[in-house]
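We begin with a single chain expressed as structure tokens, specifically the form predicted on its own.
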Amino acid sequence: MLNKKILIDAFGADAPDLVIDGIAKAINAYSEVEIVAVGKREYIENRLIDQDFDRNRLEIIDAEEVVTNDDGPVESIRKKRNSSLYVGMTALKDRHDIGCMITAGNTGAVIAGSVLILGRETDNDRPTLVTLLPNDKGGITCLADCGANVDCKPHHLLKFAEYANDYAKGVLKIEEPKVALLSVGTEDKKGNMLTKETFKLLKESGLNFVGNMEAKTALSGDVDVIVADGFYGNVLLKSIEGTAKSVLMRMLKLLKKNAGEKDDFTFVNKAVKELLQQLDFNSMGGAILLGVKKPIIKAHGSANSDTVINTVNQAISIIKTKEIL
């Protein structure tokens, strides 16, 4: 049995029913896992009443309020003290038997709550959201930051690089992660004031820094960690998601348009569906919030039962890594 429990915010996502279903599925999928679900107790129990899973490995903490995407980040933490997000983070902070939290809630509230409730890992640094990108070499590339910090200074980006580097080494088991800085060109002097100053810090950092990189090579697999401020990191992430889906849909339409009447497109549809699943970053789990005193996995707001299974698997890896560090 895993020596730490995994806490799940059952009401942070757009569709809580799917998250609750995913909790039962995750318990069935991972025999070593114990889960703490936070949210409206009666609702959760009624949703699970007919589902078959080991109830001895599920604890429910009652929390009647919900933080929505319309709530202000700091205001929601200060005023909604009985929300699943606030109660969950408080339990994560206070209980030694909980090792990681999963939430698909309001990103701003997650970040604000993590700082106000859990506290920063170091006083002068900011937490960063690290998302995992499936790359062309069949591996994973970490992008830090992907939206937590839109206005940054060079020393913030240096710390993002260090956090992501540690995650790549500890959890992804990459011995010497290659770290690159997102910029408008690969030359050393390309970029704005922020990237130029950050370049100097990264070069002197002791990390395996390989220089600047352009957005077009983000999925190449040539680097293991991409460093950016949250504004450009989020733009990169959303651009990859949108472009991948658009290109695939256009290709499928053209293939069908130019096909003969007897052509069988079953294999094409299957291949496109499989590729879309590979490029769906939810299939990789969630973004990891690093730089606070306990790890939080931030799943997409559209999280479903499969997302829960994937993020629980991710949480298992994080907890096991912390056990041996």
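Note that the structure is predicted; figures quoted are calculated from it, not measured. Don't overthink the numbering: it's just position in the shown sequence, from 1.
This protein has a second form, the form predicted together with another copy of the chain, left out of what is shown; the following refers to that one.
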| said: I'd like to know if Lys216 sits close to another copy of the chain in the predicted bound form, meaning any non-hydrogen atom pair within 4.5 angstroms. | reply: yes
Notebook entry, point to check: Hey, in the predicted bound form, is Asp264 touching another copy of the chain, heavy atoms inside 4.5 Å?
Noted result: yes
Look up in the predicted bound form whether Asn258 has a non-hydrogen atom within 4.5 angstroms of another copy of the chain, and give yes or no.
yes
Using 4.5 Å between non-hydrogen atoms, is Ser183 touching another copy of the chain in the predicted bound form? yes
Answer among 83-91, 162-170, 112-120, 134-142 for heavy atoms within 4.5 Å of another copy of the chain in the predicted bound form: the stretch 134-142
Only hit among Glu45, Glu274, Asp54, Asp62 for heavy atom within 4.5 Å of another copy of the chain in the predicted bound form is Glu274
Answer key, another copy of the chain contact in the predicted bound form at 4.5 Å (heavy atoms) among Val74, Val210, Ala244, Ile174: the residue is Ala244
Checked 191-212 against another copy of the chain in the predicted bound form; residues with a heavy atom within 4.5 Å, sequence order, are Gly191, Asn192, Met193, Thr195
